[in-house]
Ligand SMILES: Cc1cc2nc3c(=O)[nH]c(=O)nc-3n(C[C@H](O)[C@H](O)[C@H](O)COP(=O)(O)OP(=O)(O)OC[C@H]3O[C@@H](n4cnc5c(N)ncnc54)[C@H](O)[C@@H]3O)c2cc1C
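Heads up, the chain below is alone and in the form predicted on its own; it's given as structure tokens.
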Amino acid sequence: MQTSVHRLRRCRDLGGGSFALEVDGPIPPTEPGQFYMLRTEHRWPVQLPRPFSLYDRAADGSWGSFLVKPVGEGTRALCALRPGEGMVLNGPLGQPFPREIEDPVCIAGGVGLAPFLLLARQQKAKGRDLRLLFGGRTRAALSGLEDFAGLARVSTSTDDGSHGFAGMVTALLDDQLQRGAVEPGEVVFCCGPDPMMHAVAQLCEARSLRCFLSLETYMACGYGVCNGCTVAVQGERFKGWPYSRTCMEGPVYEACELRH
């Protein structure tokens, strides 16, 4: 973990109200699912930084980017930065998706796409195309879809049927299970809105899929001091503790580790 000021290179419009904020490096090696705490160098309008998965990174670390959708004062301030202005990064933080899983089925909803571009690049370097199911309300909500061209086998779903499968991404997963494109015993990596991840976890349990979730829990410090991002957990990994700090033991958890 390190804290440093980086200069914005560009703010790339991904459509659907989302942006890729590209900053100068050096960006340290970062695993898919790890995150950074971000704030502007000056005129930060809120008290605390905001957590974001690293979206993309140059192979030599000379630049990195973050997928941001401006919905509040902090995210709006980040997206209002101009090239050359400073952004403070603290990271990489947290635990990534398990490295030993060779061919996961990745499921993303909205800005939950963020952890999977790094993973797609890793898979491509191994000669394998990432399998990605990407869902949104409309075609416009599939922000960043074009960045996966040539890197992943992408299946999309939209609630209104405007692109790809007509229905929620959970229905798309169920359809692929029925057609044999996804088989029982495979491993799912998932990131997106909480209701979507809950539904994916339930479907995976019912259909004998192992499931890992990257939680989008609110965080204050990012490194385990404030205990503001705790979630109820179970399992040997937590040595009897009933709660876990998402920023330390997460944000990636196996679905069976989370108590509901």
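Remember, predicted model here, so these are calculated numbers, not experimental data. Counting begins at 1, following the sequence as shown.
Omitted here: the form predicted together with the ligand. The next part is about that form.
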Heavy atoms, 4.5 Å, the ligand in the predicted bound form: which of 24 to 32, 47 to 55, 196 to 204, 231 to 239 makes the cut? Say which one. 47 to 55
Since exactly one of D175, D159, D129, E73 fits, which has a heavy atom within 4.5 Å of the ligand in the predicted bound form? E73
Can you work out which of V188, A120, V111, L133 has a heavy atom no more than 4.5 Å from the ligand in the predicted bound form? V111
Indicate whether L213 is a 4.5 Å heavy atom neighbour of the ligand in the predicted bound form. no
At 4.5 Å between heavy atoms, is L209 in contact with the ligand in the predicted bound form? no
Are any of the heavy atoms in T217 no more than 4.5 Å from a heavy atom of the ligand in the predicted bound form? yes
Does R39 reach the ligand in the predicted bound form, with heavy atoms at most 4.5 Å apart? no
Using a 4.5 Å heavy atom cutoff, which residues in 241 to 260 contact the ligand in the predicted bound form? It's fine if the answer is none. P251
